[in-house]
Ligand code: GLC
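Next up is one chain by itself, shown in structure tokens, the form predicted alone.
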């Protein structure tokens, strides 16, 4: 088995773990998670195999949008600790071989930010141009990101008689990115956190860098300048972008062949087609999206995910396709949000079937790219639908079966959020029980991560979709300079038998060694392989020629 350090391109084979500090671990028992609690759980993450922590916003905030409404880009929310506690987390993570990235929210601030308070004080205030103001609402204004909460993207400020832009909530005014002084401030923020030890940033809501009614903002030029600045500070830093757009537009945000904008992007198109495939028990929608993925430069990478901290958006599917997924996994209106997404976690959507859940996560780690995990996925946490909107999936981490799931010893009414109710609550789903169970989902994640880290080609190799002759089975090959593998995933609740040909270059009579179980199979003289699959089966097969018996 070979684990690799990819140096400056470490993120090509990383395992990214996203967490919200306030719901991860409460160390001082005030009901709110904190940096000290996270520091005491770094070893758990290291044992899991995490190599990069993504911290959701930890900045001072009024708390009207779960931390994405920021009042100080240089500060630390006092509920979570102070700068010294944060630095201790960074040091501890580094000691365990983990890097840390932070959310970079440069679209907007809170309306309580000192910039905006000054901006709205008068039309001639020096900070007025830090935001986007208009005398009238421009024609053809776009729909707000939260159509069920906001009527539009322009809000009248009665004191100054002008409208300010807010693509998100009205209490989150958009920053004027066309202003060079604003860009300088963003660079200072990046430089500040890099000096403290961060390895990069997850860039929030990238498409909204192009602001309504302001053609002077070129988001690509902005990203190129940020990437250059970041690279000068640390050549191995990363910009992971949230870009929910069609593939051809996403490719532009990588910088195309130049690869000089975002380092990584989430594959939203692939994620949405994954759920369509799950709903239909038909692998073809996902296979088609994988074929349509643009081929990236070596310095770029796709970030794969099953679930994130927002709603599970389905906006890139057709209306009919979206309704298929809704009917399969969110049959009740209360499980849906914004008419485009689902506010549930994977295990509850799949009725807790461990075979089905494991097949999906096996697929996640075998797809070419870098896997991103949302906290609690590794133990199969559910959601709390009694919480509003996106908060349904942002419940406290379930560490053990004790009160509050071991997240905090505070009284339950003091918790920052209520724990997941019974069924998927701490009594049934928690890390402590699973750490001692070799057949648990947590143990399965640990195995997947070990195999993923040993299979360098997943991050670096070339993808080939193989026709298995059965619509419900996805077979894909990844070929790299240091090895090749075949992954097989049955989306059906019925057993299947498949027969397929190995791609060119893998040879006849090749031996395929199982990576997730014992055994293997040998291709025939024509390079064909036959496999019998159980319901929701998943197989990883390392390809060896007959004269190379080494284990990967």
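Keep in mind that what you see is a predicted model, and the values were worked out from it rather than measured. Positions refer to the first chain, counted from 1.
One more form of this protein should be noted, the form predicted in complex with alpha-D-glucopyranose, which is absent from this view; the next part is about it.
Residue heavy atoms within 4.5 Å of alpha-D-glucopyranose in the model of the complex occur in exactly one stretch of 254-262, 129-137, 386-394, 116-124, and that stretch is 386-394. A heavy atom within 4.5 Å of alpha-D-glucopyranose in the model of the complex is found for exactly one of 201, 168, 452, 424: 168. Proximity to alpha-D-glucopyranose in the model of the complex, taken as a non-hydrogen atom within 4.5 angstroms, holds for one residue of 346, 274, 105, 475, which is 105. Taking non-hydrogen atoms only, residue 74 never approaches alpha-D-glucopyranose to within 4.5 angstroms in the model of the complex.
Although the partner is absent from this view, residue 309 contacts alpha-D-glucopyranose in the model of the complex, with a non-hydrogen atom inside 4.5 angstroms. Contact annotation for residue 68: at least one heavy atom lies within 4.5 Å of alpha-D-glucopyranose in the model of the complex. Using a 4.5 Å cutoff between non-hydrogen atoms, residue 146 counts as a contact of alpha-D-glucopyranose in the model of the complex.
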